[in-house]
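Presented below, as structure tokens, is a lone chain in the form predicted alone.
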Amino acid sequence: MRTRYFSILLLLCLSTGLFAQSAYQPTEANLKAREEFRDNKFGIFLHWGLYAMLATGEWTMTNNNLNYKEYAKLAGGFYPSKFDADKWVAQIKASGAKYICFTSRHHEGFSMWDTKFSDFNVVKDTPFARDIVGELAAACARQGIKLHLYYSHADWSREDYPRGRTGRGTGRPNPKGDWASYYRFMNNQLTELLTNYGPIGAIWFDGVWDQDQNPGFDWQLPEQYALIHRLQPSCLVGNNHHHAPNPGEDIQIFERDLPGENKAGYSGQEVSQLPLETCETMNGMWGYKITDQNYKSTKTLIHYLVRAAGKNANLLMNIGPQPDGNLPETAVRRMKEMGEWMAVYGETIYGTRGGLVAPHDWGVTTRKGDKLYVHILNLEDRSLFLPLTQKVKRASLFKDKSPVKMTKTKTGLLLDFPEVPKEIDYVVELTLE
């Protein structure tokens, strides 16, 4: 009765436009959260669901045309006996990451929390019968790290979801679905997540692109975004839709590319003035894949983080937890090594903004107050010219404050080093006048 009442009330509110926002005006709390998000610079993405059991990646259901009723039977065997939320959070904090983004519901349609609006969830439909989102939220609160929640707009399992360009071979009937039912379902679930699990740093949407081949399809995003902002004004809204931000969105997401780059083919959109985030995999996949051991080196991961900061963006680095509930050993080792680097150089990353010198092949700059940090990642010479017009009082190596020789010219600043920089990141600190 309570669920039915809430659903009716939500429909009435939406139909009367209570949640509509024709011109989104972020609250003071939201604007403060945006700046804190920019300051955090580094997060860890966790893709975990039933797909981990098949160990062939998070898109395995649609890639292999698995029948939705047969796929649902995986839930009966889901028992990640080694899952420990506090252990996860501690391992992630060791990397220097300031937030976690967890897949509450991916395209497979399985909910990783105790939702009242679908029995296809980790508590009701598995022998594990534990609320993963709840345990993770509690662990994050205990250890002082922010929790963001990924939520898929697309669904390969629900019969009321209108068929899109993916999930077409899963055997669901009724290609047109029942949009009113599905939209109500999503908003009910989002209300649960933003009501029962404490402060949520962001809702990270994905899947809007699934209806790109249905001209005129209306996701009713403004109303949905308004619902989120009403429930938690500080909760940021992001959407991985691969185009310029929509009204109501608080962050701009770039998939597998740094802002302004489009090497992977997902990020040709213009770079907005919103807080920026780029998401990337630590190996090749988002979800766990047993044959994918091609992990990026610690040097490569640090360079990605530094280059993101130089482009005024956060890095959201992904890990696919194993079916037993452990984070992969290699991923844990990479995070530890990144954390050791951040323990020394974090000041040049956290709380900074993109520097006065644009990114180059040799590296990037970041800035905080009167400090300009020159991150030299790939230099084959003993000198570096910076087209910097602002006056510099002194130059020194960040790690030990030893002086760096500098020569001021009419067009910039020339830095000279005793030898070609060979460190993962040779950081020079410039003190500006």
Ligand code: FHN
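One-based numbering along the sequence shown. Keep in mind that this is a model prediction, so the values were computed, not measured.
What comes next is about the form predicted in complex with this ligand, which does not appear here.
Segments offered: 373-381, 23-31, 400-408, 55-63. Contacting this ligand in the predicted complex at heavy atom distances within 4.5 Å is 55-63. Heavy atoms of residue 209 reach within 4.5 Å of this ligand in the predicted complex, making it an interface residue. The closest non-hydrogen atom of residue 37 lies beyond 4.5 Å of this ligand in the predicted complex. Interface residue remark: residue 48 is not counted as part of the site for this ligand in the predicted complex, having no heavy atom within 4.5 Å. Using a 4.5 angstroms limit between non-hydrogen atoms, residue 255 touches this ligand in the predicted complex. Using a 4.5 Å cut-off to this ligand in the predicted complex, each of 107, 204 and 242 places a heavy atom inside that distance. Contact annotation: of the candidates 150, 288, 225, 113, the single residue with a non-hydrogen atom within 4.5 angstroms of this ligand in the predicted complex is 150.
The partner is absent here; in the predicted complex, the one residue of 276, 279, 235, 100 having a heavy atom within 4.5 Å of this ligand is 279.
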